[in-house]
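Below, in structure tokens: the form predicted alone, a single chain.
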Amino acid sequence: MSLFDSRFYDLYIHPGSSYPIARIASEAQRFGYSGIAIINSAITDRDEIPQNFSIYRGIGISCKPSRLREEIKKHKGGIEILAVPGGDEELNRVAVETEGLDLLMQPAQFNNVLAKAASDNSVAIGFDLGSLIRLRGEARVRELIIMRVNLKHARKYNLSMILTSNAHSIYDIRSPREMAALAGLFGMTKEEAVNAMSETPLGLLKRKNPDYIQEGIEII
């Protein structure tokens, strides 16, 4: 059985306010995904979502570190996927130390102490492969270095890892095989990449909603 026979999910999609979510869903299904999570977006075209495809809702919290703990606690216990875009060490520390956060995306400054806190609070670490697609030159090199460091800490503390395209339109979506190839640029193995798009997202979805695995459209 091939690694790529798994059910794949991209849990960090940012469709533009005027971009049809149903079209993104159709394209993601064509590329081999079973579902996506959309961040901070309302679904206005749900009747056009393809069959046998699941859509989940996520809340992205972007604020100053002084307000972050309060914002996470406000949404704690909800059925939406709760994500924080990573930043400097202070922001990352508050994020991983606050119980209830599901996903810290691409933290720019991450270390052993923060990784241990993320492990203790079951916070997954996200890898934004979209940045490798969009950036060029030194900026792309910096992102690769950040990902290598985060991967090292994730392995050491057995953190859950999630790969995402961070797509804003259909043109940003990449197939699971392409995602795994991109992840290899910063040292992730093919098995780790597949798990980061299948087993880990499924585990997170199961924690958020025990009924997530039913077929068809599912909005949580």
Partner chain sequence: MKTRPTLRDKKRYVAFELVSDQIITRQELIKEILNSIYSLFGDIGCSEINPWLMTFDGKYGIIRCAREKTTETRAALACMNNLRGVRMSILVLGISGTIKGATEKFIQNTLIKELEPEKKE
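If you're wondering where the values come from, they're calculated on a predicted model, not measured in any experiment. Positions refer to the first chain, counted from 1.
Keep in mind that the form predicted in complex with the partner chain is not shown, yet the notes after this line are about it.
Proximity to the partner chain in the predicted bound form, defined as a heavy atom within 4.5 Å, singles out one entry of 68, 194, 38, 182, which is 182. Exactly one listed residue, out of 30, 64, 46, 156, brings a non-hydrogen atom to within 4.5 Å of the partner chain in the predicted bound form: 30.
Checking 136 to 144, 110 to 118, 79 to 87, 95 to 103 against the partner chain in the predicted bound form, the stretch whose residues place heavy atoms within 4.5 Å of it is 136 to 144. Although the partner is absent from this view, residue 57 stays clear of the partner chain in the predicted bound form, with no non-hydrogen atom inside 4.5 angstroms.
Taking non-hydrogen atoms only, residue 174 approaches the partner chain to within 4.5 angstroms in the predicted bound form. The shortest heavy atom separation between residue 149 and the partner chain in the predicted bound form exceeds 4.5 Å. Using a 4.5 Å cutoff between non-hydrogen atoms, residue 34 does not count as a contact of the partner chain in the predicted bound form. Along 79 to 97, a non-hydrogen atom within 4.5 Å of the partner chain in the predicted bound form is carried by no residue at all.
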